[in-house]
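Take a look at this single chain in structure tokens; it is the form predicted on its own.
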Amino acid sequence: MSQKSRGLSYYLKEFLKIKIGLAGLIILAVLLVFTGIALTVPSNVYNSWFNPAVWSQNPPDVPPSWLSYFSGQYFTTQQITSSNSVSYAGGQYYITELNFSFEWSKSVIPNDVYFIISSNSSPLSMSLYWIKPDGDKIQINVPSGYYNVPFDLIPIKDSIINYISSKSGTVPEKIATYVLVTALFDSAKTNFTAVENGKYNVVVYMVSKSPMNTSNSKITLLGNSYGLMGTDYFGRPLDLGILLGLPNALEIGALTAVISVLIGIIVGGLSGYLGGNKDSVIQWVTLVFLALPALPFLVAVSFVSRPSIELEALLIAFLSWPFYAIIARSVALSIKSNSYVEVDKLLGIPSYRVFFTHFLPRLVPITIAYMALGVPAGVLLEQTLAFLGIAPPGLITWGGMLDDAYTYQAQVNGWWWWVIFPGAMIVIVAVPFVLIGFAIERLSLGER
């Protein structure tokens, strides 16, 4: 095939014949699909990541829910139960009855129970009855400030403690959520040592002066597992953080790679082409930048200036271009020794035309290859800065998630999912670019 017929379609066909390049493209396409999904997430959901109160109804520090497929009796997932309501008038008052029911067949109890008694007006009084499968009934008094406000068992602990005391004759020394949930789900006949399986009923009676709309009322049983990747210390689902961190990682990796490779290829190409004293000066400048300690420099600058994501990409590119300049210079020197370059010089063709005609086109393949290979380096440096706690403010990053995991001692407490998934994503994002870069490099070397 002649050189003229080798257009973009030819190189694309040859690239697709390389298996690692094709695999890289497929993985990259999958990542781009998830990036598109992440960009459709509303901004209020993104911002809520930094507000722990939003996630208070999620179980904190629990592993992924798919673990229940391997050991179903010991892992429970979040269970939400809606109510059936009945209203009837009694004189000048209205009585609304909410009925919740659910089956419990696990050998472990939930992590916590949340009640949401929602109504269009505040009731005059409210009574709540928790009825176990054996018919044992617990009457619970709900403080008046918790209408339309989600609450767990702590605000109603006095009623539950009275129930425990009436059944066992003792008062627990330590009042914790686990003790309160045990009272609701363990059988009093076994002194609260065995989980009672079967159908549970919860009945709520509310008295008001006008009819009440309670359609949004529900009970949430927090499991000891959650979502695809579990939760962190604040109950935030890690799969959401992984998804929302993906566009940021790709953006800073791509920006860093494009800027640093373009600068490096142009500087290195000119250095090799010009030669002589100009080459020596450019090489000296390149080595000065190369000698700068990249990570301490980035940490110092980021700590002082708190840059945006774009400025952070520029800072990383500022320290990365010398690597590509050295490679481009060696390629330019090999091109310079070719006879057609010497012929152009003898014919008096201007130097800039020689550079743009013979050097830049031959530097394009390695430019594209190293742009792909430069993305993982940019991602890794950015995540490292985030791990050190100096990421741009208001930015969700996997390095920031790992920083939180380190702060709350996830590795000591055995919360492996908090470390494994963000760390694995840093590697997974790098894989397609490495595969594509190697495939382009192999293709360009084959052309020489």
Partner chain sequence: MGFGTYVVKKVLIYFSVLIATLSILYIFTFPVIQQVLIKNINAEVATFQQTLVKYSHDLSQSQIRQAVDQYKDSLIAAYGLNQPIISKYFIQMYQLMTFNFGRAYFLQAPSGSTQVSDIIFYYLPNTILLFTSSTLIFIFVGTLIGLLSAKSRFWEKIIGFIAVIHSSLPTWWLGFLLIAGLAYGIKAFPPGGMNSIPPPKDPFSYGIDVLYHMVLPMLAVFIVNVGGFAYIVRSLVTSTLKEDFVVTAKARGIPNSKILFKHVLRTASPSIATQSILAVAGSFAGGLTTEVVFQWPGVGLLTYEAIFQQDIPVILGVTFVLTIVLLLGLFLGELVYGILDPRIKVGE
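Positions refer to the first chain, counted from 1. These numbers come from a predicted model, not from an experiment.
The same protein also has a form predicted in complex with the partner chain, omitted here; what follows describes it.
- With respect to the partner chain in the model of the complex, the three residues Phe50, Pro150 and Ala176 uniformly fall beyond 4.5 angstroms at the level of their nearest heavy atom.
- Interface residue among Val288, Ile80, Val86, Val364, judged by heavy atoms within 4.5 Å of the partner chain in the model of the complex: Val288.
- Comment: the partner chain is not present in this chain, but in the model of the complex one of Ala300, Val343, Leu124, Ala194 has a heavy atom within 4.5 Å of it, namely Ala300.
- Contact annotation for Leu435: at least one heavy atom lies within 4.5 Å of the partner chain in the model of the complex.
- Although the partner is absent here, Ala430 lies within 4.5 Å of the partner chain in the model of the complex, judged by heavy atoms.
- A residue is said to contact a partner when one of its heavy atoms sits within 4.5 Å of a partner heavy atom; Tyr46 fails this definition for the partner chain in the model of the complex, lying far away.
- Put simply, Ile396 is far from the partner chain in the model of the complex: not one heavy atom of it is within 4.5 Å.
- Only one listed stretch (37-45, 56-64, 415-423, 24-32) carries heavy atoms within 4.5 Å of the partner chain in the model of the complex, and that stretch is 415-423.
- With contact defined as any non-hydrogen atom lying within 4.5 angstroms of the partner chain in the model of the complex, the contacting residues in 364-388 are Pro376, Leu380, Gln383, Thr384, Phe387, Leu388, given in sequence order.
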